[in-house]
Each structure stands twice: as structure tokens, then as C-alpha cells.
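Just so you know, structure 1 and structure 2 below are the same protein chain in two forms, each on its own as C-alpha cells.
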Structure 1
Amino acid sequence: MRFSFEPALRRFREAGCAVDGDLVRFDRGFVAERLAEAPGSFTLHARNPERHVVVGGEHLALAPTGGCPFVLDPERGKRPPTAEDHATFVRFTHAVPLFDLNESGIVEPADLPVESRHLDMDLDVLRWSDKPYFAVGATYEGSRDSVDLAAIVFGGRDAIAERPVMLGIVNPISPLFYDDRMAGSLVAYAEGGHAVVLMPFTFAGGTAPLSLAGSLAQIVAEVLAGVCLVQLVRPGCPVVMGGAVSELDLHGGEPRYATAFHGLAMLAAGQLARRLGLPFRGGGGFTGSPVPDVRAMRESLMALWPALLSGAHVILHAAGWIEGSLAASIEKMAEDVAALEVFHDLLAAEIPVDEEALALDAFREVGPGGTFLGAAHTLRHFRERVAAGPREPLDWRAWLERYEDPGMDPAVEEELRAFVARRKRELERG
């Protein structure tokens, strides 16, 4: 595995790994020891204790899409996002009970400076929501800022190291490379004790082999290398394995989503994560459609099914993804929420088997050839079945109208904003 971040290479050398320039070779026993240090499950702590999230076990946490360079405005079409767009998506995510996690960087505000916009986006999720969240840092400095901002809200760096409050996404540069940005971000999150989500996002035939087994082997290698670095920085730091393999259309060059290849890769990646004893982050509602049309929903549903069946503990991009992640659509996000509510009911459902559930009295009352419409059993359960029937999807505006500001201690908010202002000045000076 290649690492271009010198502090990472130094840690590997000190641990006795074979390092040749920027190339690191991993011993099987060394990897097994580091893997054993990573917990199989952990808790993310929220500002609101009722919103704590367990990652691992039988639990599933959902989050919307993120990292989009454009927004698909329902009224003005596709355009660059603004800071207000980002805050709107954060409020929407907070208002939807189905979302367990908020997301810093749902869209990338084009009206904010690139070098400092991560501060504003993290401030949004800390101020306008009290759910655990994905942080946006994508460099050592940016991720360190994310940890420092969280420390202001949650009682200091020592406190959040013991009680992680956020997930940090780290995407290896496939194949088999962690550059300065990604390795640096990994180190900063691990230093702060926060969960690191290692998410290879590969395209078979492009950034991974044009075979399912080869692509999966590459994902595992990239994840295990990241696990080793996380544990060298802070033994016991939580790590989440991600894995998404999509096909590349070798004629036109565009990604293909919601194919059988993608679904099988997701199911197999979930099994591999369980084999390694790591929580698993599955893919989301992927689509290549540029608009929230029938094609978009069909592809998203076909991509969500294997993600849910894979046993994923976290699903990012569960709603709002459009045009291969080029844009976020609040309109599609609302439609995706309606679909996710059905999935949620399916996953949470239990089938009771007792005399009342088997409706033995109804069979005796109705008899062969009869109808259950007027049976006493039907009348007893009529209202609960009506309540559990199909729900009309809420318009995105209706969800925003449901948003309630969670509030924040004015002194904490003042300290947050002062930190953001100071760091912006430092970044402007270079």
C-alpha cells in the first residue's frame, strides 16, 4: 500500500513494518493484531442523549447523501450550492426522524472559500441539529478542526475521545493508495478518538479489477491498511469498514449503479466485514439519473435493497443522491424518505404467532367459502391495520416546516463562532 503522508510512514516504520519509500508492506500477524484492537461495536453520543446511536450489532443508522458539488433546486434547476442550501439540508435531516445521523458537507457551498468552508459546514451540524453526525474534514488540518469544534460542544478533547460524537469518512485512493489528504484526515480523527469510516468507492474496470472477487480483495486490503494506521495512532479507536463496487461502462465511461454486480458486491462486502469483526457501512440509494424521475427511484431502490440486506450498520447516501452524486436533490430526498419508511417497517417487523395472531376464532366464525370482512377478528384489528397502511409521502417543504431548532447554550455557540472566525483568519494568512 502506498502512503504519501510522512507522519503515517513514520508510524509504520516505528511499528516494524517494511517501508520502501512510500510503499508499506503488511505482515499477516501484524494486521491480525491491529484488527483485534478495533471494537466490534461502539456508541456515538449526541447532544441530545435520546439520539445516541449504537454502531454495530443489530443496529442500523441512516444518513442522507453528502459531498455534492451541485444542488438540484426544485424551482431553479441544477446550480452551485450556497451556504444557505447547506443549512437547509442540515435542518431537513434533523427534522426527519428516520435519519439517525446528520451530515456535514451534504453539499459544498460555492459561495464560501474552499480552504475554510469545512468550518461553516461543521458549525451548521453542531448548531442546527443535536444528532450525531459525519464530519466534513478531508485533510489533516480540516479533520483536526472538526475534532476541535466538537470538543467545544462536548466538554473537551479528552471527553470526546472517550465518548465519540462523530464519524469521519476516509476514502482510499483506489487502487491501494492513501494520499496526504486521506491519510492525514485518518490520523487527525484517530488522534481525537473518533470513529473512522474507511470507504473504498471503486469502479470495476477503472479503479478496481474487472472481476467481483478481485474488486472485493482490493477493498479488504485498503480497509485493513487503514485499520492498521488507526490502531497505531490510538489503539481501540473505532473503525467502520465500508465497501461499494460499481461497474464502469467501458464504452461511455460513466458509472453504472443498481446492477446485479453492484448488489452482489455489497452483499459480499457485508459478509467480509462480519468475518473481520468490524461494523459495516453499506452503500445507499445510488442512481445515475440527472432528475428525480422513475428511473432515479427504480435505481435507488435496487441499490438500497442489497445495502439493507448486507447487514449494514451505517448507510450513508440513503436519500437525496442524484446524477452519480454530482447533485443533491431535496425533492428526491423526501421521496427516498417515504421508501425508507417502508424498509424501516420491514426490518423492524416481527410476526407474532399466538391464538389471536393465527385468527383461530375467525376461521371458526367464517368457515370454508366465507369472507373475513365482517368477522369479529377483522373488526378488532381494523384500526391498527389502517394506521399501518400506506402513508402519503410528505413534500420536502412539509418536512422543513416540521423543523424545530434544538437550541444551544449561548456561551457555547459564542465560543464555536469565535473558533471559526479565528481559524478563518489563520487560513487566510496561509
Structure 2
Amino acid sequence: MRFSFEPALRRFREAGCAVDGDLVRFDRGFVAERLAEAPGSFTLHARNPERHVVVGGEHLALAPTGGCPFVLDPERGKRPPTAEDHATFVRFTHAVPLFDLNESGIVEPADLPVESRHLDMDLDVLRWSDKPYFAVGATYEGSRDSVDLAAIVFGGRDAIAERPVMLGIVNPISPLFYDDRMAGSLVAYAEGGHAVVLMPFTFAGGTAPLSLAGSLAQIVAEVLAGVCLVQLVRPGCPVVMGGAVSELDLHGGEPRYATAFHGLAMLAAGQLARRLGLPFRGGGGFTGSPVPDVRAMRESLMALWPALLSGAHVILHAAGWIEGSLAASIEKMAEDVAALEVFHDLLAAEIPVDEEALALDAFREVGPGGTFLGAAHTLRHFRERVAAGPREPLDWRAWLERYEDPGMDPAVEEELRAFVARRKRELERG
């Protein structure tokens, strides 16, 4: 594995790894020891204790798409996102109970300076939502800012180091390379004690070999190298394994979504994560369609089901992805939520089997050829089925109307805003 971030190379050298220039060679025993330090599951702490999220075990946490350079405005079409769009997506994500996790950076506000917008985006999530979240930092300094901002809200860096409140995404540069930004971000999250999601996103035949086994082997290598660095920074720090293998259209070169190859890779990556004892991040509802049309729904559900079946503990990009992640669509997000609600209910459902559930009295009352519409058993269970039954899907406007500000202690908010203002001045000075 190559690492260009000198503090990472230093840690590997100090740990006795074979480091040759920027190339690190990993010893099998060393990797196994570091892997054993990573927890199999952990709890993400929310501002609202009712929204704590367990990552691992039998739990599945969902989050919308993120990192989109455009927004697909339902009225004006595709355009650069604004700070207001970002806040809207954060509120939308807060309003939808299906989303366990909020997310900083769903869209990249083009009206905010690139060097400091991570502060505004994390502030949005901390202020307008009380769910655990994905932070947006993607450099050492940016991710350190993410941790510092959270520390203000959650009682200081020491407190949150023991009680992680955020997930940080780290994408290795496939194949087998962590650059300054990604390794730096990893180190900053690990220093803060927060969960690092190691997410290789590969294209077979481009950034990975043109074979499933080879691509999966590469993903595992990239994840394990990241696990080692995280554990060297802070033993026991939570790590989540991700891994997607997509296909390039071998004629035109553009990526293809929702293929069997992608689905199979997702299922296999989930198995590998279980083998390694790491929580797994799968996902999501990928499509190449530039609008939330029938094709978009078909592709995203054919991509999403394998992720849902992979045993994933966290699914990012579960909703609202459009045009190969180029844009976030709030309209599509609401449609995807309607589909995910069915899956959520399916996971939560049970089949009680007892005399009442078997409706023995109803069969006696109704008999062959009759109707259960007015049967005593039906009337007895009518209310509970209405309550448990399918919901009418809400559109995006209805979801936004449901948003309720979780509020924030004014002193904390003031401190947050002061931190953001100070860091912005520092960053503007360079």
C-alpha cells in the first residue's frame, strides 16, 4: 500500500512495518493483531439519547446520498447547490424517521468558500438535527474541525473520544493508495475516537482488476491497511468496512449501475466483513439516470436490494442518489424512502402464531365461502392493523412540512458559531 501522508508513514515505521519510501508492506500477523483491536460493533451517540445508533450486530442504519456537486431542483432542474439547499437536505433527513443517520455534505454548497464550507455543513447537522451523523471532513484539518465542533456540543474531546458521535468516510484511492487528504482525515477521526468508514469504491477494469475475486481482494487489502492505521492511532477505535465493485461500460468507459456484478460483489463484500469481524457499510440506491424516472427507480432498487441483503449495518446513499452521484434529488429521496419503508417494515415484522393469530374463532364464525369483513376477529384487530398497516407515501414537500427543530442550548449554539467564525478567519488567512 502507498501512503503519501508522512504522519501515517511515521506511525507505520514506529510500529515496525517495512516502509520503503511511500510503500508500506504489511505482515500478516501485524494485520491480524490490529484487526483484533477493532470492535465488532459500537454505539454512535446522538444529541437525543433516543436516537443513539448501534452499528453492528443485527442493526441496520440508513442514510441518504451525499457528496453531490449538484442538486436536482424539482422546479428548476439541475443547478449548483446553495447553503440553503444543504440545510434543507439536513432538515429533510432529520424529518424522515427511516433515516437513522444525518449527514453533513449531502450537497456541496457552491455559494460557500471551498476551504471553509465543511464548517458550515457540520454546523447545519449539529444545529438542525439531533441524530448521529456522517461528518464531512476530508482532510486532516477538516476532520479535526469536525471533531472539535462535535466536542463543543457533546462535552469536550475527551468525553466524545469514549462515546463516538459521528462516522467519518475515508475513501482509499484505488488501487492501494491513501493520499494526504484521506490518510489525514483518517488520522484526525481516529485521534478523536470517532468511527472511520473505510470505503473503497472501485471500478473493475479501471481502479481494480477486471475480475470479482481480484477486486474483492483489493478492497480487503485497502480496508485492512486503513484498519491498521486507525488502530495505530487509537487502539479500539471503531472502524466500518465498506466496499463496492462497479462495472465500467467497456465500450464507452462510463460506469454502469445496478448490475449483477455489482450486486454479487456487494453480497461477497458483506460476507468478507463478517469474516473479518467488522461492521459493514453497503449501498446504495445507485442509478445513472439523470432524472427521477422509471429507469432511476428500477436501477436504484436493483442496486439497493443486494445491499439490503448483504448484511450491511450502515447504508449510505440509500435514497436520493441520481446521475451517478452527480446530483442529489429530493424528489427521488422521498420516492426511495417510500420503498425503504416497506423494507423496514418487512425487517421489523413478526408472525405471531397462537389461537388468536390463527383466527380459529373466525373460521368457525365465517366458514367456507363466507367473508371475514365483519367477523368479530376482524373487528377485534382492525385498529391494530390500521396502525401497523401500510402508510401512504409522503412526497418531499410533506416530509419537509413535518420537520421539527430539535432546538439547542443558546450558549452551545453561540460557542459553535464562534468556533466556526474563528476557524473561517484562520482558513481565509491561509
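All residue numbers here follow the sequence of structure 1, with the first residue given the number 1. Superpose the two forms; the largest set of C-alphas matching within 1.5 Å is the rigid core. Note that the structure is predicted; figures quoted are calculated from it, not measured.
Structure, 1 versus 2, that is the form predicted together with another copy of the chain
Only structure 2 matches the form predicted together with another copy of the chain.
By the 2 angstroms cut-off, has the C-alpha of Gly374 moved between structures 1 and 2 once the rigid core is superposed?
After core superposition, the displacement of the Gly374 C-alpha between structures 1 and 2 reaches the 2 Å mark, so yes.
Look at Val294 and decide if its Cα position differs by 2 Å or more between structures 1 and 2 after superposing on the rigid core.
No; that C-alpha moves by less than 2 Å between structures 1 and 2.
When the rigid core is overlaid, by how much has the CA of Val353 moved between structures 1 and 2, in Å to one decimal?
Comparing the two forms, Val353 shifts 3.0 Å at C-alpha.
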